[in-house]
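Take a look at this single chain in structure tokens; it is the form predicted on its own.
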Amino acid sequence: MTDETVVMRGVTRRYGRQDAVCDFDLTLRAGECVGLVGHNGAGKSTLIKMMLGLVRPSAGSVRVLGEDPAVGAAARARRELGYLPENVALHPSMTGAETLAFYARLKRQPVTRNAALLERVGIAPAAHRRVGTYSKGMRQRLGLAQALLGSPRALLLDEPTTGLDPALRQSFYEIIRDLSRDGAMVLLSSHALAELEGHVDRVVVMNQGRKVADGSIAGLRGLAAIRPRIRLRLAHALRAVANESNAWAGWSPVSEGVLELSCEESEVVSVLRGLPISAQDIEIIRPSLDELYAAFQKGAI
């Protein structure tokens, strides 16, 4: 059995004369967590809709779990997909438990597992309250619960941490890590770029319907050619020494007692070994996902 969960080849989706997605290739594999980033209108939602079979490509092919998701025969594959939209629309007069039972029946899943699922996403105490009384974060967690019904082999999550506080975000990413370890493919479409660092294996960057970058964060740092910075905080007694020493050529003052040097990634270790004096604090600042995203949007590849 192939581990390729989603395969898109030469995919274009046209609305009138406008290409929402253009000549897009993408492979997503089992056990992989991938971040999908791009500005509003970049084509992320259209891409996800084609994976769900809600929209057909104008050109190219889409295969999800080995099948074309847009045809009637792909019903089995669609039941193995979990989807969380950016704006969760839930009936306000139903309770959380009733809502999850409704979705379980749609997915032909037993409702006996729902209580454990509500516990897993942290809203079991509110299971019998009406959804209309839920906060935005609670509705988001209930939406995540429905996406997890049936232990899906592929999860498509659009802005999944909207409305979650920091503690709940951490809990969310723990769930995602467990799912990936169990072999599920997870696609996270998000504007919270800094938040994705440390949680995804790859990042796919979209711009105007095209894929402009695809790789690990470390790999994208190499492509973007943004140099890391070494920042030192010197103890008060060492500042005069630093000011008078030629060994600090190339270092720039950032603030009182703080110096910074930009260098190549391959030079970081040698720079640290060659420091002329001890520093009170050393910080290596590598390009953030936000900086990488901005560089690829500008074409700085």
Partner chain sequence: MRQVIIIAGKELRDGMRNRWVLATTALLAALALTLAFLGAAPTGTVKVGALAVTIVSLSSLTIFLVPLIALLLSYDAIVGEVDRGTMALLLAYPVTRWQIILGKFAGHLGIMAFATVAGYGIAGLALQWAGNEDRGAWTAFTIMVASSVLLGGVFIAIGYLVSTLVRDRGTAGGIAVGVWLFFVLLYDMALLGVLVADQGRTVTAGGLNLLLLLNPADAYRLLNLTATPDVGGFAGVAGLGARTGLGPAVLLGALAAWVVVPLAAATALFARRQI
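Positions refer to the first chain, counted from 1. All values reported here derive from a predicted model rather than from experimental measurement.
Below, we turn to the form predicted in complex with the partner chain, even though it does not appear here.
- Against the partner chain in the predicted bound form, the set L54, P85 and E98 is in full contact: each member has a heavy atom within 4.5 Å.
- Only one of K136, K107, R210, R113 lies close to the partner chain in the predicted bound form, with a heavy atom inside 4.5 Å, and it is K107.
- Residue-level contacts in the predicted bound form: of R78, R169, R231, R202, one residue has a heavy atom within 4.5 Å of the partner chain, and it is R78.
- Residues within 4.5 angstroms of the partner chain in the predicted bound form, judged by any non-hydrogen atom, belong to 45-53 and to none of the other stretches in 29-37, 45-53, 261-269, 60-68.
- Contact annotation for A218: none of its heavy atoms lies within 4.5 Å of the partner chain in the predicted bound form.
- In the predicted bound form, at least one heavy atom of M94 sits within 4.5 Å of a heavy atom of the partner chain.
- For Y173, no non-hydrogen atom is located within 4.5 Å of the partner chain in the predicted bound form, even though that partner is not displayed.
- Although the partner is absent from this view, S189 stays clear of the partner chain in the predicted bound form, with no non-hydrogen atom inside 4.5 angstroms.
- In the predicted bound form, the partner chain lies within 4.5 angstroms of a heavy atom of only one residue of 12-29, namely R13.
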